[in-house]
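Next up: a single chain in structure tokens, the form predicted on its own.
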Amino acid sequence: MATVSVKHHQMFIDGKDVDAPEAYEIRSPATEELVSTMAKGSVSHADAAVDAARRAFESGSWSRMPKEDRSAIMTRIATRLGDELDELIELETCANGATVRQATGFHCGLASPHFLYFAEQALTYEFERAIATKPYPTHSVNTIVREPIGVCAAIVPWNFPLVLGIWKIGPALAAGNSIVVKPDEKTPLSLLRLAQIAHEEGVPDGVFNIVTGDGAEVGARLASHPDVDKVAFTGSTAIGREIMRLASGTVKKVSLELGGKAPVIMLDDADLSYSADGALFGCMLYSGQICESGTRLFVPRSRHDEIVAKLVERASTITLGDPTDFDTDMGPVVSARQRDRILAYLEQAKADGATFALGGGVPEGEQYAKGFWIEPTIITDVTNDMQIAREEIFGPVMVVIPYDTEKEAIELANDNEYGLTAGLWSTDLERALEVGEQLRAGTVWINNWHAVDPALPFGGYKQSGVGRELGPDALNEYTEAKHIHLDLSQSADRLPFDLLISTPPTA
């Protein structure tokens, strides 16, 4: 019986393809078919990638390259990301189950403009600033310099590997750092292609490396490696805590974008003709597998039944199926493990007394016999202390919780360990802004969701993370501030020591 051959991919270390004795199988979440294999890296590969990154940094081939040249190379990379969009979509969606329509608009469609933003930041970021000083305590010229940190490590999740990788790779390269990227083992291919494109467009050997491997082994090594100066991680809060602990051994700089359980408040004046669809979009996009998804919907008790009926009506029209079909609204979840995890949460919700207004399991039909499928699910009779309302499920699951007063809605929304995003729907914009200002989250959307702009900061309050990605200050996370003080007092025949015994001027 003939077998269909699949392509094998290697890591990218020090400008070269690097294989390993073991390999990961990459399978389609929709069909479970083997689509490719990927070299499985180890600690030794992580060490080799860090060594290459350190040598490249110290050589100055990128770190001391004029910012105009770095920006030009990065601009060419951004152009290539746009030119190769179709290939990137195929590389990403074959492994993470995103629909082709969604990947065109989000997963891969955002890659080129977001990378271009960081190419522009390489030029516009304030790498040096002179500070004027008064004569006392000494005549001097002072300069604040932002310098690249050195070797950065980026640990990237499976849901949006290319874009979330760019949120780390872009500012690291723009600032002049070298970087080692560890993609999730299920979805390494689009980031691997980005590294190849970067090399083809002039990023020197060792500056941009891709190393695979299990998180507990390779990810942990990067987080604790004494020659890694900064680690950036996107993923669960539990793993984020471990990354922080490992990084503390060498007191390296850390940025973490972690879990979420975003609250959505539908105020009593909300117009259901668009807010119902908006709330579903906020929750159900990519089968709810987004850390900033709006999964807790708070509705006025007086309108509860009306709102739930509208949500069920609209969610019932979601087309669940083949992710390669442009007409498909929702594809599978990423893996059997993820499907089973979601189903366990749903079983617990039933045991806790929740009611399923829609969905709640695996869809029926021959087309769902293979792959990892969860129905769009809407749950009522939920209180804010239930597990289903407190923990990040990472699935197409919306819980609806009633409130009696605006004050109660705000308190319920903020009553969670997470604070990544929040949002609300209202026709009264002034009132909406007043409520939005009281929500404890890094991003608050009003009458919208999933609106991420590379020029605006993204990150979380509380246990949703540390630091910010994107925005004009994104390079702050990838640079160190150095103060250079040039004393001029000797020009007045006074040594700095003389000032220690001089009487300061009176006010």
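Residues carry their position along the shown sequence, with the first being 1. For clarity, every value in this text was computed on a predicted model and none was experimentally measured.
Keep in mind that the form predicted together with a small molecule is not shown, yet the notes after this line are about it.
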item	value
In the predicted bound form, the residue from 377, 234, 177, 102 that sits within 4.5 Å of the small molecule by heavy atoms	234
In the predicted bound form, the residue from 280, 400, 420, 410 that sits within 4.5 Å of the small molecule by heavy atoms	420
Interface stretch in the predicted bound form with the small molecule - options 198-206, 216-224, 87-95, 317-325, non-hydrogen atom within 4.5 Å	216-224
The small molecule contact in the predicted bound form: residue 356, any heavy atom under 4.5 Å	no
Touches the small molecule in the predicted bound form: residue 394 (any heavy atom, 4.5 Å)	yes
4.5 Å heavy atom contact, residue 308 to the small molecule in the predicted bound form	no
Residue 188, heavy atom within 4.5 angstroms of the small molecule in the predicted bound form	no
